[in-house]
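Listed next as structure tokens is one chain, alone, in the form predicted on its own.
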């Protein structure tokens, strides 16, 4: 005779547990009901202005809600904003800043400076940091400072930089951009760097994809372009 023992399943490690529940290293920190989002945005100064670039994928967890969105929003004649984080939050923020800049231009009778737009955005992000998920890059040209770039990450800091990266895909390309960036690039060199960097991020980051949209802001005006998915300088189409 022997006592029948109840079967005990083997203990699972945290990695095995995440695989069982379908969670990855990128999503295991999320709260119940919270969804992961992803983006790749960047802006680069060159000798006569600024180039801004972004992918076009809007993701809701593992679901791609929009594969051809426009993440580069115009704030004023020569001032633009790259958006990452919550689409609703960043759209509301850009609407507020666009309104304030238009009002300022009417009252002063001159073009607003890029740093004014950046500090307006910083103020909104910082004072509402507990309720927003927004990381943005402000870039553009003004008669006082020329081309300038400001990075406003989650939390509401405001950092002037010669180039700025943001979004989940940015972690894959910091080394690439550090290596290839140089001061006083031409417009074509800055556009080539943005296209190369964003396409690399799209290839490695599952939350970035679609097409690459670019914007060149100079004293002469703005130039918008789009690079389709089958014409990317790096990625599956070129492998």
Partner chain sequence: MASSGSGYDLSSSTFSPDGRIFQVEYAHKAVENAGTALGLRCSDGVVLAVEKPLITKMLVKETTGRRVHTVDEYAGVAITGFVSDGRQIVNRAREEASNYDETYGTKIPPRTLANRLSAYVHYFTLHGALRPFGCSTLIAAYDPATKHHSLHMVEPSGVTYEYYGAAAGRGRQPARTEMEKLAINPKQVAASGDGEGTLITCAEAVKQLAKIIYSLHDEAKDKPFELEMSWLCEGSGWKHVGVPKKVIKEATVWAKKEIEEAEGEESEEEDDEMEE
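Positions refer to the first chain, counted from 1. No experiment lies behind these values; they were computed from the predicted model shown.
In what follows, reference is made to the form predicted together with its partner chain, a form of this protein that is not presented.
- In summary, among the residues 161, 154, 144, 92, the only one with a non-hydrogen atom within 4.5 Å of its partner chain in the model of the complex is 144.
- Against its partner chain in the model of the complex, the set 110, 115 and 123 is in full contact: each member has a heavy atom within 4.5 Å.
- With a 4.5 Å cutoff on heavy atoms, residue 119 counts as touching its partner chain in the model of the complex.
- Its partner chain in the model of the complex comes within 4.5 Å of no heavy atom belonging to residue 72.
- Within 4.5 Å of any heavy atom of its partner chain in the model of the complex lies no heavy atom of residue 87.
- Under a 4.5 angstroms non-hydrogen atom cutoff, its partner chain in the model of the complex has residue 104 among its neighbouring residues.
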